[in-house]
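In the form predicted on its own, a lone chain appears below as structure tokens.
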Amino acid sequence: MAANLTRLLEHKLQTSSAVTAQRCVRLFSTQQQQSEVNDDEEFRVLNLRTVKQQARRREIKKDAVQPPRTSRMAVDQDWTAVWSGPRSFHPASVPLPLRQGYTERGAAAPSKYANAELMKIPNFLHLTPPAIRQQCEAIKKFCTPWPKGLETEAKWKRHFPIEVLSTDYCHSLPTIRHPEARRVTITLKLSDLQFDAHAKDKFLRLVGERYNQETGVLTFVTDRCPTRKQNYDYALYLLTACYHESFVTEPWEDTKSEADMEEYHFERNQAKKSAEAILNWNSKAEQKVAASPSYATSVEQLINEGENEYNLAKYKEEVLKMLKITV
């Protein structure tokens, strides 16, 4: 009897545990379905990056910015060691409060830091007086003493009469060659050249307006060639060609009459014969009296330069002296 009751009780317990397990499974499945429905209803973010791309980047530690060099410069700093050659402007190396640039009225010009106006223009910070003095001392051993006999300006002009003038330009252009830098000017005095009467007259005709009669200076300006050296050679060629051509006598030059002459010359004119005829009138001496050089000069000045108060007074004085008339 007792054995039968035990078996019946065990059977009921197994049946009740199976039902309870089925209920738990149904409840869990229902909750899972509800959670899936809730997940579908929420907004899902689209992530296109991979796991490697999402990794944290490595941080690079930069060194601290050092203070400008000007704050560490000594008062007696050797500037040639700081700025030894031509270079663009650097604000941290120049201990000067420089300012440059366009601003509105009343405002201060931009400072030297991040200033493009100071960096794009050429500077002469490498040509300070101490730097020039140091460079001169360095090349002094290659220099030769000044030649003897050229101590004064008059002496070296006597030995070197030609003066050459050219110009160098400092500018900001794509090319370093300035169009006006090729021009060469050569000047010299006409008295430094040796001429006879015919050569001097022909030379002045060839040079034309290049000769200044007031100063007596001859000037050649050449700028036809692209370089300065070529223009210098061309100017010397013009001077040499005009000088040697002036001594050449063409056949047609012998047919020139007195009316074709550019200047009046007393020696080859009728005035000389007339003056000598007056001085030797009723004279029986074999040696004839000639007109004085001062009278010839006064006549030439009167005709070549024109009538003015000085030339007329000079001519009157020489005529009275020649005729021995006392006023």
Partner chain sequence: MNFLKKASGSLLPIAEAQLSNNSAIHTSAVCCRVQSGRYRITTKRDRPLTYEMANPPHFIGHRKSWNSWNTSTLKDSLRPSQTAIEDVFLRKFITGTWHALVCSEIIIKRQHNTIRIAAIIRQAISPRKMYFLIGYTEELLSYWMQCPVTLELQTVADKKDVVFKYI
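Positions refer to the first chain, counted from 1. Everything numeric in this text was worked out from a predicted model, so none of it was measured.
Here the subject shifts to the form predicted in complex with the partner chain, a form of this protein not shown in this document.
- Heavy atoms within 4.5 Å of the partner chain in the model of the complex are found in one stretch of 146-154, 249-257, 132-140, 82-90, which is 82-90.
- In the model of the complex, residue 44 stays away from the partner chain, with no heavy atom inside 4.5 Å.
- Residue contact check for residue 119: one or more of its heavy atoms lie within 4.5 Å of the partner chain in the model of the complex.
- Using a 4.5 angstroms limit between non-hydrogen atoms, residue 177 touches the partner chain in the model of the complex.
- By the criterion of a heavy atom within 4.5 Å, residue 112 is counted among the residues contacting the partner chain in the model of the complex.
- Out of the listed residues 173, 197, 164, 73, 173 is the one that sits within 4.5 Å of the partner chain in the model of the complex by at least one heavy atom.
- Residue 103 is the only one of 240, 213, 103, 77 with a heavy atom lying within 4.5 Å of the partner chain in the model of the complex.
- Interface residues of 60-78, taken as those with a heavy atom within 4.5 Å of the partner chain in the model of the complex (partner not displayed): 62, 63, 65, in sequence order.
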